[in-house]
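Taking the form predicted on its own, here's one chain by itself in structure tokens.
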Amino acid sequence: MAHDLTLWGVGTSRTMRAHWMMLELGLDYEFHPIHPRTAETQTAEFNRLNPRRKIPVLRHGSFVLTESGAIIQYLSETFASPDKVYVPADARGRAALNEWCYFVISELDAASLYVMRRHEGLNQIYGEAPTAVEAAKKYFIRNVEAMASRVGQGNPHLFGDRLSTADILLMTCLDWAASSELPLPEPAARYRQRVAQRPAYQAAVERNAAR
């Protein structure tokens, strides 16, 4: 079924989130495989979509979204499929889900992994900061260890049998950490192995690697 969905962006953990959610929901969409910090993000056309010149960018009809967390939340709610993705209908359920989403985005992604990314992978832009990088790595591991009781439960996902936006955010951070050779605590490593078996995840990995 056509939904007039277009996604810009591949090659990052954040673009992976958008691809994964759309594939998880079985949505058909057009996508442009542009990478971050390339000439394609500097064009006038792309600047009209996102003046911050960042990926991913989702367009649904005339509606445009540019943050990965907002994109996957919007998709999960707009194309709600209770048998595929967990979307709570009550305020407390939404708050509990958002608590995990905000934690992952702020503490694991922004405060830890992106500090490492800036000062290791992008040190030619942001400069070297070995003390900050080492502190960020320790902070990431400490926060993941604090999640052990949740991800180590018998349930396959954070909210039971169904995938949620929080799982997509967490999984992409764990993949990012693993690619950076951070040693994941055993409960987190087992959780990552479980979620990686999802067909939509595997399809999204392939699509996110497109060139």
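Just so you know, these numbers come straight off a predicted model, no measurement behind them. The first residue of the shown sequence is 1; numbering continues from there.
One more form of this protein, predicted in complex with a small molecule, exists but is not displayed; see below.
Asker: Heavy atoms within 4.5 Å of the small molecule in the predicted bound form: does R53 have any?
Answerer: Yes, contact at 4.5 Å.
Asker: Is D175 near the small molecule? Define near as a heavy atom within 4.5 Å, in the predicted bound form.
Answerer: Contact with the small molecule, no.
Asker: In the predicted bound form, is there a heavy atom of the small molecule that lies within 4.5 Å of any heavy atom of Y102, even though the partner is absent here?
Answerer: Looking in the predicted bound form, residue contacts with the small molecule do not include Y102, since no heavy atom lies within 4.5 Å.
Asker: Should H32 be classed as touching the small molecule in the predicted bound form when contacts are defined as heavy atoms within 4.5 Å?
Answerer: Residue-level check for H32: no, no contact with the small molecule.
Asker: Among Y86, S164 and R207, does every residue place a heavy atom within 4.5 Å of the small molecule in the predicted bound form?
Answerer: Not one of the three qualifies.
Asker: Of these, 55 to 63, 156 to 164, 24 to 32, 178 to 186, which stretch puts a heavy atom within 4.5 angstroms of the small molecule in the predicted bound form?
Answerer: Answer to the contact question: 55 to 63.
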